[in-house]
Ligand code: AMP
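Just one chain is shown here, as structure tokens, and it is the form predicted on its own.
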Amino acid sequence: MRIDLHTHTNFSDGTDRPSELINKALSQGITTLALTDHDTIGGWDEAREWLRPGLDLVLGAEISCQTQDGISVHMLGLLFDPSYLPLQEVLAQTRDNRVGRMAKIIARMNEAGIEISLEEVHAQLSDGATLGRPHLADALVAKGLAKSRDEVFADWLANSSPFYIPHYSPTPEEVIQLIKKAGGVSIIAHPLASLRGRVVDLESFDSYIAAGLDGIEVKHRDQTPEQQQLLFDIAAKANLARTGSSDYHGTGKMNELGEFTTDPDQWEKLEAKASDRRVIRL
């Protein structure tokens, strides 16, 4: 079994359509695939439509969170009931606030002499996609101001950049509890990926576990072997599921589909915690 529990499509900052992601997963021998676009379930219907025998589909979202001291945290919510309105309202509010945030980032860049417009950024989005910094990066590349997304993030859009502006996000504890009330399971994504900016203190896991955290994304390309071991130990001590995932974005990042996977016993442990059997299979 090959289980990849963290992927993106062009409904957020990936480049593949959900149909393309499904076809790639099938061709590469993935047996269980989670679709986890940022702050949206917009790609769910197309993924369902293109599902074929041999692949189990796990529907979810990667939900933006922020600690009280301003550290960005991403929480994977899987197998939740999409009709649970309080969770959908938080996702909608987060998406709405991304628009205002983008306008402020662009204004700062314009003041610094970097000519880019909100219209040029929106031109990089597919219909219904969640707006994010990668779309600004794509607009800068399309305009010839940079060569790649990676270059834009390194030079202009990292969390330490003067152009960085946070956006509204609930706390990790709030999101964990919302996912649980929606009948799903929560996994903290790449919590020690220091290249993305400040990371959570290890002591913070006590609060997340108390809120009902179900798993930790241990194996991820942005976490060193030493960091992965630290996370493995935290998960083992707290009896949390340990996952490995690609965080695939199509051509938007170097991450390869299925480059890290989750052990079947850990996936079974996670799935058993959902309130209903929501894995989709033909």
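When you see a residue number, it is the position in the sequence shown, counting from 1. All of these numbers come straight from a predicted model, not from anything done at the bench.
Missing here is the form predicted together with adenosine monophosphate (AMP); even so, the following discussion is about that form.
Would you mind picking the one in 77, 134, 191, 172 that has a heavy atom within 4.5 Å of adenosine monophosphate (AMP) in the model of the complex?
Answer to the contact question: 134.
Proximity to adenosine monophosphate (AMP) in the model of the complex (heavy atom, within 4.5 Å), stretch among 179-187, 149-157, 85-93, 204-212:
Only one stretch qualifies here: 149-157.
Checking a candidate spot here: are 4, 221 and 244 all in contact with adenosine monophosphate (AMP) in the model of the complex (at least one heavy atom each within 4.5 Å)?
The answer is no: none of the three residues contacts the partner (heavy atom, 4.5 Å cut-off).
Although the partner isn't part of this model, could you tell me whether residue 250 comes within 4.5 Å of adenosine monophosphate (AMP) in the model of the complex, counting any heavy atom of the residue?
No, residue 250 sits far enough from adenosine monophosphate (AMP) in the model of the complex that none of its heavy atoms falls within 4.5 Å.
Stretch 18-55 - residues with a heavy atom within 4.5 Å of adenosine monophosphate (AMP) in the model of the complex:
Read in sequence order, the lone residue that approaches adenosine monophosphate (AMP) (within 4.5 Å, in the model of the complex) is 38.
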